[in-house]
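Just the one chain here, the form predicted on its own, laid out as structure tokens.
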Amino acid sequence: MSLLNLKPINKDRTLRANVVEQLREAIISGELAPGTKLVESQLSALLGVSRGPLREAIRQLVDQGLIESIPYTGTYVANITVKAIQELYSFRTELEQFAFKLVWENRGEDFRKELNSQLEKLTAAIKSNNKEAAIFEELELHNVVYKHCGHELLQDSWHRLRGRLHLYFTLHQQAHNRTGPYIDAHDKYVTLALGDDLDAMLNHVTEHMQQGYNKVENLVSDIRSHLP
């Protein structure tokens, strides 16, 4: 772990936020491999922070599913498994369908404007070949329906899922050897989300989530086969 490309934190942000960002990036990039044990003393020295904010950051990443805390053993980078990917896909599908059911009769001008604006931002990120921006903007596009659904527990579940989805999207890019989704991959999603047919929207959510899933599952299987 001493070879990690971690940098002293940015003093203009909270210590916890900086530590979370750096650890998340190291996990998502694969620099911190699945199953790696996290040693607090080493991470504290590399990041130049005390163990207090480090532990807060680790707890946040545990909540997001990127780190596992095993009693009497320690904390580890979460293992990527086919089962975990399958559960993420099925749970995310159910969450998003529920969000659309809740928001459907309450979609207003703010919802329409925000969804269209977010599609423009995602398109710009894809055109710029900016991998991280494309992932962020794709997550933000899907965030719109949760933001407007009015269900706090659902919103909380979505936010807790985002860390794992970020990792999933990174794997998706890797599996398809590209820096983001196809330029028109979300056009139908947005059109239906602003349309009048809820059943068509719900069916498309299932279809949309399935796009490229098999390649990601195959990639995860390959990654698992090379783990010690």
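Start at 1 with the first residue shown and count on from there. Here the rigid core means the biggest group of C-alpha atoms that line up within 1.5 Å when the two forms are laid on top of each other. Computed from a predicted structure; not experimentally measured.
Omitted here: the form predicted in complex with another copy of the chain. The next part is about that form.
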Exactly one residue in 59, 188, 37, 159 has a non-hydrogen atom within 4.5 Å of another copy of the chain in the predicted bound form; which is it? 59
Heavy atom within 4.5 Å of another copy of the chain in the predicted bound form, from candidates 133, 103, 88, 77, belongs to 88
Tell me which of 137-145, 124-132, 150-158, 108-116 has residues with heavy atoms within 4.5 angstroms of another copy of the chain in the predicted bound form? 150-158
Taking 4.5 angstroms as the cut-off for heavy atoms, does residue 16 touch another copy of the chain in the predicted bound form? yes
Does another copy of the chain come within 4.5 Å of any heavy atom of residue 172 in the predicted bound form? no
Can you tell me if residue 166 lies within 4.5 angstroms of another copy of the chain in the predicted bound form, counting non-hydrogen atoms only? no
Would residue 31 show up as a contact with another copy of the chain in the predicted bound form if we use heavy atoms at 4.5 Å? no
Would you give me the residues of 42-76 that have any heavy atom within 4.5 Å of another copy of the chain in the predicted bound form, in order from first to last? 55, 56, 59, 60, 63, 71, 72
Determine whether the C-alpha of residue 195 shifts by 2 Å or more between the shown form and the other one once the rigid core is superposed. no
Is residue 108 one of the residues whose C-alpha moves 2 Å or more between the shown form and the other one after the core fit? no
